[in-house]
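A single chain comes next, written as structure tokens; it is the form predicted on its own.
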């Protein structure tokens, strides 16, 4: 017998949805891929009820970014979520979460200002605001996110701690294509030549991770040199930071988060690896 899935479109419907505990939430922008589905399957293993939110959040897209063309297919998402084990999908309209007169935003100072935050001002205020709303509306015991968006996960963990949400953050490993490229809904933007070139990003991270020196400047320079071998990939930034704090690497740093943002044609991609130190 196939699993049925409930579609919830309003805050009132989501709040009234009868659930067994523990409740797991998998927040997404939609256009689900294997990375999302792996999170849903893990939530299914660990929770009595699994809710997937599908919402292209305008607050986290800056001017000139891909809000209008971000891939959308709600029926496809609903079916994939059902097959992966979700009990319900929460698919609110923008006006449902941000009604006329909405003026509040959530900020996570410090964390929102580095890496992606420095490259995309205001992005993480949008992320923190919508996720705070989802935690409040859905009320999950666990929220599932992927390591590919490492800074986002770090920010959400701090917000959960600081605002006393009764929710546990679960961060799952990045799911990759056979050539190593991190799965992303934006991968569909690339043509065949660009898609082949994009494999240079995870390849550069892998080479850096395997270098003998774990000094941050060596890790960063190795990525730059490796990416430069692929002319279709334009590096936007590479940073090696303390994985536990997102601050500078120091004597007490245990592991290093090596993060990259790059453009392949008009497509902007991010990726990262965690590098252990001697």
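Quick caveat, the model's predicted, so the values are computed rather than measured. Positions refer to the first chain, counted from 1.
Below, we turn to the form predicted together with another copy of the chain, even though it does not appear here.
Engineer: Heavy atoms, 4.5 Å, another copy of the chain in the predicted bound form: which of 109-117, 75-83, 142-150, 175-183 makes the cut? Say which one.
Structural biologist: Selected range: 109-117.
Engineer: Even though another copy of the chain is not shown here, does residue 162 get within 4.5 Å of it in the predicted bound form, heavy atoms only?
Structural biologist: Answer yes; at least one heavy atom of residue 162 falls within 4.5 Å of another copy of the chain in the predicted bound form.
Engineer: Indicate whether residue 105 is a 4.5 Å heavy atom neighbour of another copy of the chain in the predicted bound form.
Structural biologist: Result yes; residue 105 sits at the interface with another copy of the chain in the predicted bound form.
Engineer: Is there a heavy atom of residue 166 lying 4.5 Å or less from a heavy atom of another copy of the chain in the predicted bound form?
Structural biologist: Yes, residue 166 is a contact residue.
Engineer: Decide whether residue 133 counts as a contact residue for another copy of the chain in the predicted bound form under a heavy atom distance cut-off of 4.5 Å.
Structural biologist: Yes, contact at 4.5 Å.
Engineer: Given that another copy of the chain is left out here, which of 158, 195, 203, 123 has a heavy atom within 4.5 Å of it in the predicted bound form?
Structural biologist: None of the others qualify; the residue that does is 158.
Engineer: Scan 190, 171, 137, 91 and let me know which has any heavy atom within 4.5 Å of another copy of the chain in the predicted bound form.
Structural biologist: The option sitting close enough to the partner is 137.
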